[in-house]
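Given as structure tokens, the chain that follows is alone and in the form predicted on its own.
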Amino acid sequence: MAVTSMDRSLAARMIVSASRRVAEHQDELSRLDAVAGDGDHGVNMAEALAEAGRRIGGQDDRGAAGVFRTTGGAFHETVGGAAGALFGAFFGAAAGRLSGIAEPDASDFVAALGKGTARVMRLGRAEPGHKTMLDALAPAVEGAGAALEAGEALAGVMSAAARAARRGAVSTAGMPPKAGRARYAPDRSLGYQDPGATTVALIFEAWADEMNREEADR
């Protein structure tokens, strides 16, 4: 049976699944970050998502919006620098769009992804093509929107978003950086994927897997 809405339980499982996925790939993410950064991106992302999982498990958030809001807070409070601010802003803005909706449907979720992506663009003063997390986020929103228009429910929408996010992350290997610290050493990062975009792809893939499991169990 198709998953048509996201309750608090599903949203919480999505965050926990993302936490596991990023933790499994944290060394890869840190190696990508070390090309032109401090080399701590993977550890920071894993710690923030693990903290989000702990907070979600220890409180009764108000629906999916509360889960996303708690996750955004974990990024803001656990990770320093731009990455914590940008990922925190994404989750916080998405939570704001879902606020007041008891069980968001696919349309609500696509709108929330778009809201989060727009917030990242404003805060980071970047856009797709700059070799940042936006190069996975923006295609994910576009892919999700196309799946929604084609009549897909949540699992199908999320699967489309995940595929688009992965393609976007892979494409960053051929991009010269135009934002973030990497832009000061552009030649060093050529041939390597952006760690932020790769993190986004991993999160969306974990979410798609969780939604598809939910659908298979119904």
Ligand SMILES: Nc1ncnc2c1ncn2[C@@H]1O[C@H](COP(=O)(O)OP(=O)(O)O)[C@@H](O)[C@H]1O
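Residue numbers run from 1 along the displayed sequence. Predicted, not measured: the structure shown is a model, and the values here were computed from it.
Below, we turn to the form predicted in complex with this ligand, even though it does not appear here.
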{"query": "Residue 129, heavy atom within 4.5 angstroms of this ligand in the predicted bound form", "finding": "no"}
{"query": "In the predicted bound form, residue 179 touching this ligand (heavy atom, 4.5 Å)", "finding": "yes"}
{"query": "Non-hydrogen atom contact residue 96 with this ligand in the predicted bound form at 4.5 angstroms", "finding": "no"}
{"query": "Exercise: residue 73 in contact with this ligand in the predicted bound form, heavy atom 4.5 Å", "finding": "no"}
{"query": "In the predicted bound form, segment of 62 to 70, 158 to 166, 47 to 55, 33 to 41 with a heavy atom within 4.5 Å of this ligand", "finding": "33 to 41"}
{"query": "Contact residue in the predicted bound form, chosen from 83, 141, 148, 118 - any heavy atom within 4.5 Å of this ligand", "finding": "83"}
